[in-house]
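In the block that follows, a single chain appears as structure tokens, in the form predicted alone.
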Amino acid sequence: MQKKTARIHFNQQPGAKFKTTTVAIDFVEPLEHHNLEKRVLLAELMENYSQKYASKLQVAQRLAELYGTQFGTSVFRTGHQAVLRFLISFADERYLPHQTDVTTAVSAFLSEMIFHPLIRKGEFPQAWFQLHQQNVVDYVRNLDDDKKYYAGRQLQSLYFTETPDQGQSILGDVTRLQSLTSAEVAAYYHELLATNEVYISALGTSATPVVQQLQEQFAGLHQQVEAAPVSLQWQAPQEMHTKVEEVEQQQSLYQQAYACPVLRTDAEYYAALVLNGLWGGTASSLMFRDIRERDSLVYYINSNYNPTVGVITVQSGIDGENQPRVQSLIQAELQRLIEADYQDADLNQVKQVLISGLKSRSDSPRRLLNQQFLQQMLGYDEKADWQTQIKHVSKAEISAVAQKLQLRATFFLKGASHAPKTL
């Protein structure tokens, strides 16, 4: 059941399958680099403080009083949208002493944390702000020590060279994080409330009453400016972008990004999903079986399909001298998909792996909420017969999608041969 207002969207899935009710409140706006750092710091501060709970200890105590309710914030991207999420999970009364219903108390806690941040005289307290600002700066700075993460970030930046906002890390830039003031982040909080689309999704026994209470709490936002509707857009880079760096380690990392003109809302989505699984997205894939197991040319190799931006990436860990050979074999496996040069048994096995993976979503409240959120934001309905859709994907449909893939970015992190092996 779904109800929409101007820019506040509610969705609820009542049910007694889980022992908890989980609620996600997502603030969504177009991905713009000048706001990323503000969103990260705002999420960090709003998770830990409010006017009523002015310390991390007070927040923790209140959550403990609510029988171990779990609460947190996060930032992530979906397509070309930036998302700031509040997530809370609380126990059903069936499992609490005297069948205590905490729904009203949880709704009040959410309202306090979202609508009453610890902003005094137009800014967060300096001591708290500087503490969390430094924590976030240290965290973001240290991420690049993970070379797989670093290579992925470089590939993303290369692929979106022509649209640099899309190439930014959702966590922002260290220099801009350091330069932000408490007043700027506090001012952005009011901008977020006034302009963002808001998606509220609830799953569990108390989904209906908690959504009813949140509708009242968010009623004040309805009168403000309506945000532009969210939709997926596909835009391929016009040029090929490549980069090579050297690193003091023995193993090298080689990554590719292919423009794939099939988005989550397109009819060819299931064909693209199976294509990715067959190419490198599963342990039954052609790349894994041939390049890693048969030829022993890589330490690992896999592909990932992002249907919200229309891109398939390939990641591999290799010895540097094998890079030309690996590059050639990746292309050869793609050509096999185009020519349908593989066994029916290979295709059927990959389909079964995909179906099993998608079935496992029903065991995770968070994955189900993510699905709710995407369907609500993008305006598509998950087909009830999605298993049938996957089973019916043909070799011809896979070939048709494979022919549309365009290699648009490569990043080669070349390990120095004299360095010790670290991966």
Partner chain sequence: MHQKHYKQYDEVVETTRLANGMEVIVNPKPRFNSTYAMLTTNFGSIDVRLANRSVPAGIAHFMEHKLFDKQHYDSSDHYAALGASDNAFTSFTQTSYLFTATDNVLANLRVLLDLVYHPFFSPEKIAKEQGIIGQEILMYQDDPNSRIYFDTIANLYSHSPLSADIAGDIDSIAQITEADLYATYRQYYQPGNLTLTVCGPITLAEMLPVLHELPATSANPAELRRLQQQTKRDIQNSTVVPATTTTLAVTTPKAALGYRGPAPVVRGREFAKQELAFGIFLQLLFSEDSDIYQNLYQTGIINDSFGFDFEMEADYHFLILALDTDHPDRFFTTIPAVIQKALQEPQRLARQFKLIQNEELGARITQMNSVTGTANQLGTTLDGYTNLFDEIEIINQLDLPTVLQIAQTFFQASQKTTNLIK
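Numbering follows the first chain given and starts at 1. Just so it is clear, the model here is predicted, and its values are computed rather than measured.
Keep in mind that the form predicted together with the partner chain is not shown, yet the notes after this line are about it.
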Check: Which one of Gln249, Gln212, Thr161, Ser74 is close to the partner chain in the model of the complex, taking close to mean a heavy atom within 4.5 Å?
Finding: Gln249
Notebook entry, point to check: Hey, in the model of the complex, is Tyr342 touching the partner chain, heavy atoms inside 4.5 Å?
Noted result: no
Next item on the list: Please run the contact check for Gln81 against the partner chain in the model of the complex: heavy atoms, 4.5 angstroms, yes or no?
Entry: no
Note to self: So, Lys19 and the partner chain: in the model of the complex, are they within 4.5 Å at any heavy atom pair?
What the structure shows: yes
Notebook entry, point to check: With the partner left out of view, is Arg294 within 4.5 angstroms of the partner chain in the model of the complex by any non-hydrogen atom?
Noted result: yes
Check: If contact means any heavy atom within 4.5 Å, which of 350-358, 392-400, 28-36, 374-382 contacts the partner chain in the model of the complex?
Finding: 350-358
Notebook entry, point to check: For 38-68: residues with a non-hydrogen atom within 4.5 angstroms of the partner chain in the model of the complex?
Noted result: Glu44, Lys56, Leu57, Ala60, Gln61, Ala64, Glu65, Tyr67, Gly68
